[in-house]
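A single chain, nothing else alongside it, follows as structure tokens in the form predicted alone.
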């Protein structure tokens, strides 16, 4: 569905061109304000809001050029997208337009109406980008204004941050099962916060004042796991110089979190099942039966039902653990939570690390964060935000800062014609190259990939065009 355009300011000294622009944009729901002089447009913009400016390069003798008007508008309204119209597609003009702050460059000729029809989708994408950035800026201002409230709320809700329906469902399950003295199974991909959820259940339960003990079953060798969980007597094995209490004893009265439960052998799973059923066990090399009162919360990123079918996990242990099952969603399935998570992680990092200069996150940075799918989920997002904050030089985190912190596989090339609409802090030579490449490709498409005609359209020699054709790899895809 095409975007409903907002207010478009059209500046051209030719009445017929202004009329044509008005017809094209009004047909798409835009409110068009026309001027024949750039100075009048500047004065109007000082008092009114607009969403887009379409500006002729040559505004007539004795008047400032479109480039100068563009530069003046951009100086006071850097967020406002400006499109330059020109009677010829010279590379020098295009470069000057980009330097002045323009986001697009359209050649004006007797077929301008047709070319505008072709280009209007691109214009709408540019405007949509600008509107999205404005929305993100508004959201970011709101996030900054409520950052302290969010931190306090996160503290009250155990630092589980997220407003998406998926996370609200998780929180609802946590609150409901927490008071019930039964095991809970927490499932989900790596990095989704399974231990955080286990701590939340413990904190909300009547056991909150008792110990919360954790063990990663995958990080302990099978030969040592029994000693770690049940303890051992002095002399039980080489190196056992004194009696040791295991995790079950340490968690007596409280909660034991068994992370990566799917990594246990079948034999050891039988021992865990016995403890869950009878709340009794013996230390390694011990004869005394020890009674405990422990609530177990288990977690894994493995597919336990598949493991059961393959004979690698006990069905009866699964049934015992899964009094309630909480499945944590991947971050890619709740991307609407990325902004609030990013602001939360910034606040936490500032509290934990002295000398952090970054105080806020720009809309461009939030936009860039939302373009990656985070296979490492919330943990990876936290690492990306902290790396970006650590390396940033400014008090405002930018999209370029995020790019520097994202992994190489996230550094995708921008779509044709979009590089010059991204973060204005990108290096100018890169923006100019991207715009020049787009101009050349646009000329090729208009001439059905006839290089000589494309060179003529751009006012270049064939050799000049061939040089850029090879530089930017403009062969047909």
Ligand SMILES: Nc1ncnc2c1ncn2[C@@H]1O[C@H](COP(=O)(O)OP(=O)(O)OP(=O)(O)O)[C@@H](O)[C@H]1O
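Positions refer to the first chain, counted from 1. As the structure is a prediction and not an experimental result, all values here were calculated from the model.
There is another form of the same protein, the form predicted together with the ligand; it is not shown, and what comes next is about it.
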Stretch in contact in the model of the complex with the ligand, which is absent here, among 393-401, 94-102, 240-248, 378-386 (heavy atoms within 4.5 Å) | 378-386
Contact test in the model of the complex: residue 192 vs the ligand, heavy atoms, 4.5 Å = yes
Does the ligand get within 4.5 angstroms of any non-hydrogen atom of residue 313 in the model of the complex?
-> no
Check whether residue 230 has any heavy atom within 4.5 Å of a heavy atom of the ligand in the model of the complex, and answer yes or no.
-> no
Answer with yes or no whether residue 338 is in contact with the ligand in the model of the complex, where contact means some heavy atom within 4.5 Å.
-> no
Taking the ligand in the model of the complex as the reference, which of 281, 212, 318, 345 has a non-hydrogen atom within 4.5 Å?
-> 345
With the ligand left out of view, which of 86, 301, 269, 362 would have a heavy atom within 4.5 Å of it in the model of the complex?
-> 301
For the stretch 160-174, return the residues whose heavy atoms include at least one within 4.5 Å of the ligand in the model of the complex, in the order they occur.
-> 160, 161, 167
